[in-house]
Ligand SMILES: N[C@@H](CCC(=O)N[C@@H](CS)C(=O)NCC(=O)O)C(=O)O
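Single chain ahead, written as structure tokens, the form predicted alone.
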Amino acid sequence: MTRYERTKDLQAPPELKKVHPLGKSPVITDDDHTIAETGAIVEYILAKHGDGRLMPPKGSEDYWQARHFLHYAEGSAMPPLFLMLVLQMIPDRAPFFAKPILKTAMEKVDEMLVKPQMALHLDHWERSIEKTGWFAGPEISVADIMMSFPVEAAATRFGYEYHPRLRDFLQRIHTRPAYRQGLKRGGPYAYA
């Protein structure tokens, strides 16, 4: 396994262009296959190594819920979280005299756009795990693996005082041996 560290401006390092033409992460190489995009990587790993684990029975309601969250995590949940990060970075990188103006402008965009969007998403997540504590059925699935990152990233900004199911979800994820093994192998997350 080769680990690539992001640059100071949170970009993937140039060495990744040798692995994939976009030079972005995540990307995996397995045998002759190089696969980018989180959802595609997870689908590949499930198809090759899953042996029916982490995916509800095909065609069931839980199956379609898992498919929804597999793609929703990166397609809908992460964009406002990424925008939130960008809005925080802009004033920090601006010339000294522009910082106060940009900070005020970015806070306004955050109030008008990001916070309302995140409120919708957080409520959706909380309702989605209401019955079982998981995003797609009575046990952990690919949906929970994919959603763990947006749920965790949102927790750093919003907390879960008003979303106790999400707080409990994260606690269950954090106690899983596979999660701990992943952090041991890949290192802790840095969300900001």
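When you see a residue number, it is the position in the sequence shown, counting from 1. Note that the coordinates shown come from a computational prediction; the quantities given were computed from them, not determined experimentally.
Form predicted together with this ligand: not shown, discussed below.
**Student:** Name the single residue among Glu61, Glu37, Glu139, Asp123 that comes within 4.5 Å of this ligand in the predicted bound form, judging by heavy atoms.
**Tutor:** When this ligand is considered in the predicted bound form, the option within 4.5 Å is Glu37.
**Student:** Find the only residue in Gly159, Gly133, Pro164, Pro26 having a heavy atom within 4.5 Å of this ligand in the predicted bound form.
**Tutor:** Of Gly159, Gly133, Pro164, Pro26, the residue with a heavy atom within 4.5 Å of this ligand in the predicted bound form is Pro26.
**Student:** Choose one stretch from 125-133, 151-159, 37-45, 51-59: the one whose residues place a heavy atom within 4.5 angstroms of this ligand in the predicted bound form.
**Tutor:** Of the options, only 37-45 has residues within 4.5 Å of the partner.
**Student:** Can you tell me whether Leu170 touches this ligand? I mean in the predicted bound form, with a 4.5 angstroms heavy atom cut-off.
**Tutor:** Outside the cut-off, so no.
**Student:** Report yes if any heavy atom of Glu74 sits within 4.5 Å of a heavy atom of this ligand in the predicted bound form; otherwise report no.
**Tutor:** Output for Glu74 is yes: heavy atoms within 4.5 Å of this ligand.
**Student:** Using heavy atoms and a 4.5 Å limit, would one call Val19 a contact residue for this ligand in the predicted bound form?
**Tutor:** Looking in the predicted bound form, residue contacts with this ligand do not include Val19, since no heavy atom lies within 4.5 Å.
**Student:** Can Gln11 be called a contact residue for this ligand in the predicted bound form at 4.5 Å between heavy atoms?
**Tutor:** Residue-level check for Gln11: yes, a contact with this ligand.
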